[in-house]
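In structure tokens, one chain follows: the form predicted alone.
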């Protein structure tokens, strides 16, 4: 490990610790505010609701973290979430016999969309913002042309699974943590994961070192599509039906990017962590829960989110500015 890598890891560790410290402060403040309003924050019902909100955004943010580490973005995720939900519910049609077919249809379609994004960015060299926005608009057009309102019906087993809890922890949240752990292993223990950081840090240096830059780009975008598809399945399990608007209404594209940035990732690529992204998600979910308990105007949530993002990025940017050594004499030799 060279000095620069060690410094980056120390910075990431410090940033992640800061994110979770902020989360603890926000949770304590939430409990105090809820108490002043005559309510309780740390109830099983409220914690279960908070974790449920964390699960869907968490799955989307796992894939978004991979993409951001490469210096790219995935703006198609809200439409992939919606597509996954309508395909799954549409194939299942409330039948237990169609459970597997519905899940496979949603997962395969979502992964293929992510794969197309990866091919456009990695091979065709289209900017990730433009490529994923274009694919997202295509999927959106398909959704609103072919589906009107709620559609289909989830299989009884999937609905039952969506309602399972261990104490106040939804089983779907445990599934999200399992996915996070698997991707963490991918990033830290496999060559592809190391190449993700390398390409995000400096694509030209990575190429000169023998890395095929297109491969990690394609893999990351395909996984982003996969996790957005899994998020869509969780939505179906909770709602019992599919919806062509559920992804865009949830704002999963901007919220997932915001959570990743709040977690300490750099949009230019090469720096970030899944644990940091999870911390960012928990902060957003906790703030939403607090504002819900206080019955604050829902539009104020966006104001609070915006302030948090700006402050966080400003602090991280200030901390990451390299300090130049003092220069004496008449200039560089």
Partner chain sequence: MTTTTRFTTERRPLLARVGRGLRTPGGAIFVLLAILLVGLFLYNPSLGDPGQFMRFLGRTAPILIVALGQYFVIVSGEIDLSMAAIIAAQVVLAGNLIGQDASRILPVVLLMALLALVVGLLNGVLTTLFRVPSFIATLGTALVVSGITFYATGGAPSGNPVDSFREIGRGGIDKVPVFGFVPYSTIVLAVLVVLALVLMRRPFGRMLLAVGDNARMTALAGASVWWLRTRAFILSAFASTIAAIVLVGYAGVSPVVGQGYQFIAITAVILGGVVLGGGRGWVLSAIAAAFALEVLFSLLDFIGVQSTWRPAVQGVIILVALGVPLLRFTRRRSQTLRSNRPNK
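Keep in mind the model is a prediction, meaning the values are calculated, not measured. Positions refer to the first chain, counted from 1.
Missing here is the form predicted in complex with its partner chain; even so, the following discussion is about that form.
Using a 4.5 angstroms threshold between heavy atoms, residue 94 stays clear of its partner chain in the predicted bound form. Of the heavy atoms in residue 306, some are within 4.5 Å of its partner chain in the predicted bound form.
Though the partner is left out of this view, residue 126 does reach within 4.5 Å of its partner chain in the predicted bound form, counting heavy atoms only. In the predicted bound form, at least one heavy atom of residue 140 sits within 4.5 Å of its partner chain. Judged by heavy atoms within 4.5 Å of its partner chain in the predicted bound form, the contact stretch among the candidates 117 to 125, 211 to 219, 154 to 162, 241 to 249 is 117 to 125. Here the marked residues 51, 109 and 190 all miss its partner chain in the predicted bound form; none has a heavy atom within 4.5 angstroms. Interface residue among 234, 176, 226, 131, judged by heavy atoms within 4.5 Å of its partner chain in the predicted bound form: 131.
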